[in-house]
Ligand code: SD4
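Next up: a single chain in structure tokens, the form predicted alone.
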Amino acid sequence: MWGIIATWRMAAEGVEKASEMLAKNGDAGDAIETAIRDVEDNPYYKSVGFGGLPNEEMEVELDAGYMDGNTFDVGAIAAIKDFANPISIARRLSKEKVNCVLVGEGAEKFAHKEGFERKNMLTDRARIHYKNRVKEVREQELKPYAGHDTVGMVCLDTTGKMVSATSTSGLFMKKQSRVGDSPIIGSGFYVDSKVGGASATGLGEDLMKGCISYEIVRLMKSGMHPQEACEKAVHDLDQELKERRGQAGDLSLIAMNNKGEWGVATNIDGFSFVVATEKEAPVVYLAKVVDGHTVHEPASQEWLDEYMRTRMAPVVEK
């Protein structure tokens, strides 16, 4: 049995590549790295890797995390600039017994020493988006933060090995060196091959308050199906935040157990995710909240076409 689940439609092509590897008894770590690199390399996805939207200083700072569910090896980087494929750097860090979480300049020095590709990650498209947003904020008093669509994945291979990983450029126009949940072990991602794994996307500052990826794995370990575990964890954190703080940010979680069963929960409408298993070809789903529960259905071809049309549309400076 094998399977992979990922946040957002942008992961579809990467999941397809990963599923081909898994179907040939490929390693879960290789498959998930391949899938995430595919998203990182696409300049039309504004929240991950090359083309990711910059911070308030117009710098692209990237975060990524990787965890091996067999060994509990973890690697994470945060606020790294001018390096392609942060997921690969995070995976390399997971081989270290110590110093496996690095940020900023230290992460960049490590990446350079290890021979990872240097690359200017700020594209012309992202620069125009930045300038337009600065103008909108000044003229319309809009909040600058927008776009926090982390790509997160959980993967199971035919040996039973499971891996979870994330990659993101974080909040658009975030403070310099801001770090969200994505590279934080237990919040943005967590996996145990004896149980299953989970990954998060949404407002990192709120997701971290629930250590929510670990919580989902804990609930699965207690016997819950991934769907039940996701729904309980998201519902409980959403309600707790609203009771204590008056509101809750976007919370969307995916999970898969060691049987290849999967689940998803969200507190927003329009959350998309991708699943492929031994029994199911890669499918893009749309999730929404109905009567307090997350329901999902395959995305229509019309929706898929519109998704790519809007992301690849030309951008002009206002």
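In case it trips you up, residue 1 is the first one in the sequence shown, and so on. Small disclaimer: the values here were computed from a predicted structure and weren't measured.
The discussion below concerns the form predicted in complex with N-hydroxy-L-asparagine (SD4), not included here.
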Taking 4.5 Å between heavy atoms as the contact cutoff, choose which of 241, 122, 84, 203 touches N-hydroxy-L-asparagine (SD4) in the predicted complex.
203
State yes or no: in the predicted complex, is some non-hydrogen atom of residue 207 no more than 4.5 angstroms from a non-hydrogen atom of N-hydroxy-L-asparagine (SD4)?
yes
With the cut-off set at 4.5 Å between non-hydrogen atoms, does residue 75 touch N-hydroxy-L-asparagine (SD4) in the predicted complex?
no
Are any of the heavy atoms in residue 164 no more than 4.5 Å from a heavy atom of N-hydroxy-L-asparagine (SD4) in the predicted complex?
no
Is residue 157 close enough to touch N-hydroxy-L-asparagine (SD4) in the predicted complex, meaning at least one heavy atom pair within 4.5 Å?
no
Have a look at 194-202, 86-94, 123-131, 67-75 and name the one stretch with heavy atoms inside 4.5 Å of N-hydroxy-L-asparagine (SD4) in the predicted complex.
194-202
If we check N-hydroxy-L-asparagine (SD4) in the predicted complex, which of the residues in 164-193 reach within 4.5 angstroms of it by a non-hydrogen atom?
168, 170, 171, 178, 180, 181, 182
